[in-house]
Each structure stands twice: as structure tokens, then as C-alpha cells.
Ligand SMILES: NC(=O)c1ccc[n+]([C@@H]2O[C@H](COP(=O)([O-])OP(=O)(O)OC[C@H]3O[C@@H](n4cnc5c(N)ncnc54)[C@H](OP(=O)(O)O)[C@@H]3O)[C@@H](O)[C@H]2O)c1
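In C-alpha cells, one chain follows: the form predicted alone.
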């Protein structure tokens, strides 16, 4: 592998935004380390897949160590893995809390620590975390306390990382999506979900992928929470 070919780690890479992000970076000739619970091996020599639970620190360790062993470096980390459980606040169970904090917070913490340690060796790197616009604009009828607790924490951590590592050549940004078209939303729900956005429609997964690519190619941007939400965070 040429030393000029960059390496990106993508969590939650088996489907949805994660899978589309892998495709987009591969088209740019990045080497990819893709991880998810159910990810399958790839025939592409430029893609290393690592199956595992991102909430488990052992998975984070395998992703980074195997990625470095295969490709020699880590340039970008996309913290895409996340879960959303919509329940009234008093209806959340201990299992719900453990699941959401495990994936959304632990899944960010362990792998980001290890990735940044590798980035420091080259005094260059970038961390992008996928959060949610619900942090900034809660919606009546969409109960989201645990999403705001966990993803809001990532927004705050993004700004802290950006400042802590600014002089060491490492950037940190986040993308805060609105409601995107995906297999988890049945087509008959699209009109109602689209109406929750000032622009009147849901977003496409490509909107998030393009935001990630923009941030990765914007060396003067760090500490940014980029809202890709059809105007939700601006108001109604």
C-alpha cells in the first residue's frame, strides 16, 4: 500500500449510512477498516472487516490493531454505530439504558481513544461522529431522552477533542442528521416523518455521506456539529 493512501475506520459499517460511507471512501481509494456485529468478509483487498460488538473494548482493540497491521496507519475514524430506542422517559428499562450507553457512548470512547493514539504518531487525523439533530431540537411525539443524553454527549466530546488536539494536527467533527430514508422507516411513514422537517421531506443517506466526505476534505474545519436535518435544528 502506498503511504499516500489513507485509511478510514467505519463503525456500524454493515448497513445503512455505514455501508454507504464505506462505498464512498473506497471510491476515493481509501483503505477501509469496516466493523459491525454482523459484517461479512470482503473480497476487496482494500477493505478489512472486523466483526464484533463496538460496545466491547476488545472489539475496538481488534479493529485498530488489525487495521494498523494490515494498512499501517489510521487517518480517519467515522463513529457511525448507534442505536435509537424511542420510549417515554419513565418507560425506559435498565436494559435500554445499558444498550444505548453501551453502543452510543462506550462504542465511541474505546475506539476513539485507540484511533487518536495512532493518529498522534503522524500528527494528523480526523474523527467524525454521527449524532442527531434531536439534541438541539426535541420533537413532540418523538421521545428521545436517551438519544439526547448519549448523542448530546458526543457533540460535547467532539468540541473538547477538537480543542485538545488542534495543535497536534487532529480534527474532530460531528454530523447531526434529521430523519433519513432507510429500511427502518416503512414507505408509508415517509410523508408524516418528512413533515417533521421544515423542508417538508426526509433526507437521503447520501446527504449524510456527502457531509462526512466534506468534513474529511475540509482541513480548516474542526469542532463543528454539521446539521443535515432539513432545517429542524433552526426551528419551526
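Just so it is clear, the structure is predicted and the values come from calculations on it, not from any experiment. Positions refer to the first chain, counted from 1.
Below: the form predicted together with this ligand, not depicted.
Student: Test of understanding: in the predicted complex, would residue 223 fall inside 4.5 Å of this ligand by heavy atoms?
Tutor: No, residue 223 is distant from the partner.
Student: Is residue 83 a contact residue for this ligand in the predicted complex, using a 4.5 Å heavy atom cut-off?
Tutor: Contact check for residue 83: yes, within 4.5 Å of this ligand in the predicted complex.
Student: Decide whether residue 36 counts as a contact residue for this ligand in the predicted complex under a heavy atom distance cut-off of 4.5 Å.
Tutor: Residue-level check for residue 36: yes, a contact with this ligand.
Student: Can residue 52 be called a contact residue for this ligand in the predicted complex at 4.5 Å between heavy atoms?
Tutor: Judged by the heavy-atom cut-off of 4.5 Å, residue 52 is in contact with this ligand in the predicted complex.
Student: Counting any non-hydrogen atom inside 4.5 Å, which residue from 128, 103, 135, 157 sits next to this ligand in the predicted complex?
Tutor: The residue in contact is 103.
Student: Between the options 196, 211, 180, 48, which residue brings a heavy atom to within 4.5 Å of this ligand in the predicted complex?
Tutor: By the 4.5 Å criterion, the partner-contacting residue is 180.
Student: Heavy atoms within 4.5 Å of this ligand in the predicted complex: which stretch in 23-31, 180-188, 164-172, 61-69 meets that?
Tutor: Result of the contact check: 180-188.
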